[in-house]
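So this first bit is one chain, no partners, the form predicted alone, shown in structure tokens.
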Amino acid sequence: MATDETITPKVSFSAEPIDRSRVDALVIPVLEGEKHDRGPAFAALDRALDGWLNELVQDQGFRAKACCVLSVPAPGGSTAKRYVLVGLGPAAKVDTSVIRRAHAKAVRYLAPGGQSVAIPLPGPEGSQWLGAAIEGLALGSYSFTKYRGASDDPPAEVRRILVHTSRRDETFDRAVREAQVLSSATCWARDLVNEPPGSMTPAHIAAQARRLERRPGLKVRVFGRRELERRAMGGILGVAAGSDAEPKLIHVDYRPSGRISKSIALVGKGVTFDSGGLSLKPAASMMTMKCDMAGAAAVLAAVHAASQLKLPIRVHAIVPAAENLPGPRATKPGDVLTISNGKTVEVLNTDAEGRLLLADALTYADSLRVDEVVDLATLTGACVIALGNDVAAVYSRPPELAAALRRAGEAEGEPLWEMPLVEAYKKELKSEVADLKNIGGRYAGSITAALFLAEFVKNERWAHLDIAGPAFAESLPELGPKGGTGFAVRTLVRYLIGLTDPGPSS
């Protein structure tokens, strides 16, 4: 789905009591506790229904634990068709992450097809919590049905959100706008990752990037094989050598109008399919390898969101795109590649290909003389072993850059964990025949991969996010269906917003 086709729920406000809302469903947050402290929205609706709601909760044994849902047809005389109660857990533990996840879960309990939903202002935190609720409903509505036939049971999709609140200021409108842009960008990234690898080739991802040029402030450059050869980008060319698909280096440049406060390069690994090359993966390990361009999808979506929000930051999104296949001209274990900064790399494992692409892309990012460089990649299985499927690793210099990215991730419910750049481990990358080898020893694989990348970044402010775990969900996640998650899109954009406004976004 293209960026201009991504459906974003329309949001409006009403000062009327929520029990008068004419919508398909009322989504009511409920605190875990006794009758008297289940939250103001629950209490107000229960009063309007003469205690019916409290009786329902008691009869059903609904404890309102975080992200538990109770969905029932509305009682006779109600102007809404359905009530969906979503648990938030105890009041002391409610935050934006809980609000977001609970509202995403609620979507699964709506009727099929397009739905209108009414929500109360989620809690005392005002616009921050409102933004999280809207994000949750939008992300929970996502589905990738491009290749399915017509269905009599289409997935639920929130098309309209009516927010009931007696108080409103300009921060609410800003929160709604940010939530709509962030969720739309995340869903576009999901679309890119979910596209079958036979369709999502380097040429196709370049074509998707070119469509961004329709937007104000965005310019796109795409380098093909001839230009990559002229620039001596041996890492990208070496990875792509086994495939008939031409590799690309994609550069999307967002230049805001007016004063520019900062500049940043976002670099995303774009291996559109990773077979492992001649170091061939087992068949089972290839089944999800269309997701090996999730870093690319994230940075393209983030630069698009930055332009929509008109952030006063110059943002470069850089994507090295290639297929890693075992063709007759494929790079062989033992080959030596020359990266565009002149360093040579002995390739001992062709399945450690992402760092080779990123070496050239990071060298290119350095040439732009930006204030900061942040790269994202589904880089190592070692990171998944260390942190699991829900948490991404972040490496940085200086450490405060990682801390700022972690805070942005916390705000958006995308956890990052800071990992160390252990200088002593550099010896693992020493080669007998080249400047570096592309793999270290058995241990600390995520760290040695980050140390490899550091060899190609001169910028003093650089961060590397290894998103191998959370980029693709093989079991049902809380914020959407299985498949591409769009992980780190919201973190990146929230971080960019923070660079322009150090205070809370609400």
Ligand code: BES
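Remember, predicted model here, so these are calculated numbers, not experimental data. The numbering used is simple: start at 1 and walk along the sequence shown.
The form predicted in complex with this ligand is left out here; the points below concern that form.
In short, of 253-261, 236-244, 281-289, 164-172 it is 281-289 that has heavy atoms within 4.5 Å of this ligand in the model of the complex.
Shown without its partner, this chain lists 352, 137, 373, 98 as candidates; in the model of the complex, only 352 has a non-hydrogen atom within 4.5 angstroms of this ligand. A heavy atom within 4.5 Å of this ligand in the model of the complex is found for exactly one of 363, 115, 331, 380: 380. Residue contact with this ligand in the model of the complex: residue 468 places a heavy atom within 4.5 Å of it. Contact annotation for residue 269: at least one heavy atom lies within 4.5 Å of this ligand in the model of the complex. Proximity of residue 195 to this ligand in the model of the complex falls outside the 4.5 Å heavy atom cutoff. Taking non-hydrogen atoms only, residue 274 approaches this ligand to within 4.5 angstroms in the model of the complex.
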